[in-house]
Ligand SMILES: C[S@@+](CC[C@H](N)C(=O)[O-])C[C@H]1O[C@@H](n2cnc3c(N)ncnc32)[C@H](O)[C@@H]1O
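Quick heads-up: it's one chain on its own, the form predicted alone, in structure tokens.
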């Protein structure tokens, strides 16, 4: 799909075939394992996105606002160091923090193209239409797809490029998958390109656990909404009230785990998969891991992917970090 407006050009390219059902595959795979799990990318339907917007407003949830503070302080420096004319954003959603980078690129006179990558066509198109109005002359090339599998859909770079993967989302990957994904990103970078990566840092476990167990219960509702997504999309009959939210810091792995715990024995049917799922009393299903990083762990992961750390930017309390790396 290509659109031309008075303000700029918009092109949306889809890598999702009409019969591609990412949720169905992940649910069938995850709920038939000995330890049940469903990946966190399925949190974000319209209700999940609305709840996440509430999560970032909770006083306990520091990652979003801390990363924004770092970007506010460093966006101009990032653009000056890279000379970036093009910004690729993985898991773009509705751009918010990204606007700080686009503003800095515009002010530096280098801004040419924005490449959002997301699984929601409506989000991609809505964001693109707003951005070409906000940044006259901007070209938007949206990729509708799963960034874990469709990096080959990125357009050929036309100028110095930043690939941004913000929000600490890299922490959702287990270590082996994380390095594999970073290797895939490294293959997309030319010598003049840079990866801008947001990573949550190792810190006091009490602070970490509070961020995922807010007093208002918004994260708990967000976690249970995963079951509502399965019910709606796949004909499931999960009773959301029969599961409780669990989030804890694993000190050995140095990551947060989010789970849903069954409050009684039950059988859940997922009609479209012809699947009956048995839950024992207090059996848990994992919905997210969120790894926390030290500088040494980050450098090791980058090095294993063939990347070199060029700059590490943190807030005053060393809660969160943004890193620039390249081949």
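All values reported here derive from a predicted model rather than from experimental measurement. Numbering follows the first chain given and starts at 1.
Only in words, not in the display: the form predicted together with the named molecule, which the text now covers.
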The single option of 295, 41, 286, 68 touching the named molecule in the model of the complex, heavy atom within 4.5 Å: 41
Interface residue in the model of the complex among 97, 203, 180, 106, criterion: non-hydrogen atom within 4.5 angstroms of the named molecule: 97
Stretch in contact, per heavy atom within 4.5 angstroms of the named molecule in the model of the complex, of 186-194, 139-147, 154-162, 246-254: 139-147
4.5 angstroms heavy atom contact with the named molecule in the model of the complex for residue 119: yes
Contact test in the model of the complex: residue 236 vs the named molecule, heavy atoms, 4.5 Å: no
Partner proximity in the model of the complex: residue 102 to the named molecule, non-hydrogen atom cutoff 4.5 Å: no
Interface membership of residue 92, the named molecule in the model of the complex, 4.5 Å heavy atom rule: yes
Any residue of 155-170 that, in the model of the complex, places a heavy atom within 4.5 Å of the named molecule: 166, 167, 169
